[in-house]
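We begin with a single chain expressed as structure tokens, specifically the form predicted alone.
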Amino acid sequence: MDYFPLFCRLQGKRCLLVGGGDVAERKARLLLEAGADLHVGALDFSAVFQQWAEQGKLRLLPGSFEESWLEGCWLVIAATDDDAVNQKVGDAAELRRIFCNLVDAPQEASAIMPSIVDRSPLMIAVSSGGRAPVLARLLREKLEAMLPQHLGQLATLAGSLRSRVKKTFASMAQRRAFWERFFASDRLAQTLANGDQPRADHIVDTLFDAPLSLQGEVVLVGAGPGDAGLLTLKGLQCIQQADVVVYDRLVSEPILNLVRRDAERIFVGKQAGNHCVPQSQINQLLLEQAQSGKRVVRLKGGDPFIFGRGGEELEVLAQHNIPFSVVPGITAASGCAAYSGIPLTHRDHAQSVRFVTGHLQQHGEIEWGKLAAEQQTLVFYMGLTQAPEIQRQLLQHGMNAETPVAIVQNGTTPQQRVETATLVELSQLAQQFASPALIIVGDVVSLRSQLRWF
């Protein structure tokens, strides 16, 4: 361990920053946010420093560095563009046993400043010991993206509840179970993010009142069309917190690899014409898992509310008063079209888009006359086996036989395959594809030759 990680309380403590330029500004912002009594010494100061001084946020020490500036300091940062001056500051601080950070010379410094993820009071610091600052920054950016902004509010609320938890739950095991439930509550987190304190208080009271062993919930998560990079941040957080993940065939392996390793995984199949687990059994499975006190994620390809039968599953949970929430996903039409270079709408080609299920016989009569209208894009989900009927009906209702069509198989994945043709050729083209695949019909398909990128 080259450096001992330590968080310091600088509120009201005198800190010295030597330097008055852009780099020093960045350091000053952090020190001011930490509440430091900041003194800044330099030959010249940027306009921002001048403004801060006028606002009383810090004190300026004009001129060359003087060792007297170190008097009473807890921390020193040398951030000038003169290495000799920075080293002089570092040597003087070392003699006085004051921790000092030297910008661009971490090996010579007694302290370094890490990359910071600020979710106050939750703080995360990442450091490479000065060896790979770009890597540390990239890791920080990943953490910034993964951690929701409301974590700080959640941590603050948790702090205010500690004494109540100790009084309510006698054993450490009970307290730990409560806190796990508390931090895993999507409803509480979302309520805090919305600034609805009365509702947050009600949810907290519910968490306290409900038996620990019976408090389960279900989160319906859209996994997107295949590319793991298209999984939403909230979806990622949910699958990494789940006790049980119930998933379909269309959930890609890279996404399953992101699931918490000790979570139970239950495969329920579901593909066109072959449901290895009937929908009624899936509904019952979700209900039973939640009733046993588990945090369940129902993971579906695409978006669960677009031909995903998510609404049917939630209806059953609602009937039994099981808490649930929904995390939308990028639907297959949007993802596959984008990765194919086919814009679903375009001012010159399509002013609307329609998503249509390919299970034509199971969902009543389709208004083919409206689907055959011009200036719109049609996307048929699960439509390969019905391609002849789709072609026949659209032609019969007046759609131009030369209307461009595309079929996208395994969209957004490395195995993506896209072929284009015309409407009159759709039936023949569909014979060359296997599920999962989408059919896109409309003039926008003609743009693929210019816009294809993946």
Ligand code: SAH
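Every value quoted in this text rests on a predicted model; they were computed, and no experiment measured them. Residue numbers here begin at 1 and follow the sequence given.
FYI, the form predicted in complex with the named molecule isn't displayed, but the following is about it.
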**Study point:** Contact stretch among 375-383, 177-185, 313-321, 120-128 - heavy atom within 4.5 Å of the named molecule in the predicted bound form
**Key:** 375-383
**Study point:** Heavy atom within 4.5 Å of the named molecule in the predicted bound form - the one residue of I440, A24, A437, L16 that qualifies
**Key:** A437
Review point. Within 4.5 Å of the named molecule in the predicted bound form, do we find a heavy atom from each of G301, A332 and C336?
Key: yes
Check your understanding: Is there any non-hydrogen atom of T420 lying within 4.5 Å of the named molecule in the predicted bound form?
Key -> no
Review point. Taking heavy atoms only, is G235 within 4.5 angstroms of the named molecule in the predicted bound form?
Key: no
Check your understanding: Taking heavy atoms and a 4.5 Å cut-off, does L38 contact the named molecule in the predicted bound form?
Key -> no
Exercise for review: Report whether the minimum heavy atom distance between I306 and the named molecule in the predicted bound form is within 4.5 Å.
Suggested key: yes
Check your understanding: Going by the named molecule in the predicted bound form, which residues of 92-126 come within 4.5 Å of it through any heavy atom?
Key -> none
